[in-house]
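Shown next as structure tokens: one chain only, the form predicted on its own.
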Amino acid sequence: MSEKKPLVGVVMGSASDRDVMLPCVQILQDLEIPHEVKILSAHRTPQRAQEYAMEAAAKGLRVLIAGAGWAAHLAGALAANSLLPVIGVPIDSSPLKGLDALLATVQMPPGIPVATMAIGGGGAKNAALFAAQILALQEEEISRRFTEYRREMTAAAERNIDRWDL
């Protein structure tokens, strides 16, 4: 994806979030959406996270995806410092099994929205698909690839409608 300027910034709060965010990156790769991946923390590297958010649009990014566990508020920190759409992925890395991350991501104050996905890898996958939907509004090739992805998903589901021997 390094040949084209990234359109999506995937940010995770810690290297330990990698496995949960991997489905997000895989979907972006499958849909051939240029992206970059960064590890930035709203609490351990707050200045770097702020700078990244503030410079993202000027770099050509159009959507930010932020995955973080515990009650870390990475998605909110990025949204507070950027006018780009931010998609949050709560990660279930705490003793509260991600409920703290979910609430920290979804309970944004009015005026600073964050689109919040499900907890964990499924949410990470949906974050990439939601970013693709946003980009497909203006990018014909991404729209075509996303439409084909959905067709293939439907076809796979239809092949299994009458199967009981799974």
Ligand code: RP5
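From 1 onward, residues are counted along the sequence shown. Just so you know, these numbers come straight off a predicted model, no measurement behind them.
If you look for the form predicted in complex with the ligand, you will not find it shown, but the lines that follow are about it.
*Asks:* Only one of these stretches, 111 to 119, 56 to 64, 43 to 51, 28 to 36, has heavy atoms within 4.5 Å of the ligand in the model of the complex; which one is it?
*Replies:* Of the stretches listed, the one contacting the partner is 43 to 51.
*Asks:* How about Thr147 - does it come within 4.5 Å of the ligand in the model of the complex, if we only consider non-hydrogen atoms?
*Replies:* Residue-level check for Thr147: no, no contact with the ligand.
*Asks:* With the cut-off set at 4.5 Å between non-hydrogen atoms, does Ser14 touch the ligand in the model of the complex?
*Replies:* The answer is yes: Ser14 has a heavy atom within 4.5 Å of the ligand.
*Asks:* Classify Phe130 as contacting or not contacting the ligand in the model of the complex by the rule of any non-hydrogen atom within 4.5 angstroms, answering yes or no.
*Replies:* Contact check for Phe130: no, nothing within 4.5 Å of the ligand in the model of the complex.
*Asks:* In the model of the complex, does Ala68 have a heavy atom within 4.5 Å of the ligand?
*Replies:* Close contact exists here: in the model of the complex, Ala68 approaches the ligand to within 4.5 Å, heavy atoms only.
*Asks:* For the stretch 75 to 96, return the residues whose heavy atoms include at least one within 4.5 Å of the ligand in the model of the complex, in the order they occur.
*Replies:* If the 4.5 Å heavy-atom criterion is applied to the ligand in the model of the complex, 75 to 96 yields Ile91, Ser93.
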